[in-house]
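Next comes just one chain, in structure tokens: the form predicted alone.
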Amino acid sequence: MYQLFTPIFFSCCSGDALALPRVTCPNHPDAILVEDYRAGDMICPECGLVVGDRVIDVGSEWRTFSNEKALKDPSRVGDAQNPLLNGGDLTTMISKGTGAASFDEFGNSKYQNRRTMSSSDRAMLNAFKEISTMADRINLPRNIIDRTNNLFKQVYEQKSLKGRANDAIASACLYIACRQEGVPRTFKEICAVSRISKKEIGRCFKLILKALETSVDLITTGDFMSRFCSNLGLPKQVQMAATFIARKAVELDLVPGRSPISVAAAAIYMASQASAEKKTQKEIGDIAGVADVTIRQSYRLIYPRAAELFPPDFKFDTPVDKLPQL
């Protein structure tokens, strides 16, 4: 038999004056209270004292009022609030009726949906879904998706890129967000997960930077090296050697005008050929997204000074003078 005890006793954690009060039993302050979800009571397991009543259950509500199994949805709380949409998307939707009482004598629905979403919100919502889909395909984290959504919202509300497809703007925003978050992706990687051409994404990229008056850090060979080597299955020693080769080649100004991606691919090719884990130009090109001829052109620029490019502690499986000359 439980004893009803109306007053609720609070205690604060010792050593912390700003700690939130904790509901405790006056007779057994150290006891872990048991919550009766059906009655909404907090009960002391030692003496059965009802310490608190009318406790609100903050758990999920899994009750449904759907009549058809195909449309059964155990949740009645709707989607989470989206701060990127006007009004936070706090709207109500009346589902379509199925019984005879839901229609009038002419067959029209009596209860029409009062939810009116503006065309701008609908366009942004579709863009957010496209951004999320693209990010999932290349395993990008949630913080990059959120930054991309904010960039798209700023561009869309400014109306500075009118006439451009929303998918192209979304792809360019994803490219910018990756570079701003320090995990850059190439244009070809973004193009592979979207329906937009590389040329159009590049145009939108320049227009967005100009419209938002923002900038992105210049990409370097180190931004791609670890990912490319990991995808190729190369050991840590080869990755460190390739990073050293690429950085040294840039410092010695051996590759003027070459893109960091092609320089990184050429450095990986040189380091792998000097090690036991040899990779072909085609294997590296498929991962880096560059053509074989591009790798060869960058490799020819750094090959004459290959002896100066390797780190001092590198263990050669193939000597420098036996490396491919191409």
Partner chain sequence: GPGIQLPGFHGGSSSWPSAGRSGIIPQLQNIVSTVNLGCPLNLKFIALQARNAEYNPKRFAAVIMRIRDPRTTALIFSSGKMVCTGAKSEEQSRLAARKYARVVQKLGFPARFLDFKIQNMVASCDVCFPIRLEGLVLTHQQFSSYEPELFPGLIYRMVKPRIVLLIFVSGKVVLTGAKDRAEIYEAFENIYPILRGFRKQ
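Numbering follows the first chain given and starts at 1. Note that the coordinates shown come from a computational prediction; the quantities given were computed from them, not determined experimentally.
The following text describes the form predicted in complex with its partner chain, which does not appear among the structures shown.
Checking Gly233, Pro141, Gly182, Pro256 for any heavy atom within 4.5 Å of its partner chain in the predicted bound form turns up a single hit: Pro256. Listed residues Leu207, Ala123, Ile219, Ala165 were compared with its partner chain in the predicted bound form; Ile219 is the one with a heavy atom within 4.5 Å. Not displayed here, its partner chain is kept clear of Ile287 by more than 4.5 Å at the level of heavy atoms in the predicted bound form. In the predicted bound form, at least one heavy atom of Ile261 sits within 4.5 Å of a heavy atom of its partner chain. Under a 4.5 angstroms non-hydrogen atom cutoff, its partner chain in the predicted bound form lacks Gln239 among its neighbouring residues. Interface residue remark: Tyr175 is counted as part of the site for its partner chain in the predicted bound form, having a heavy atom within 4.5 Å.
Residues of just one listed stretch (129 to 137, 165 to 173, 152 to 160, 197 to 205) have heavy atoms within 4.5 Å of its partner chain in the predicted bound form: 197 to 205.
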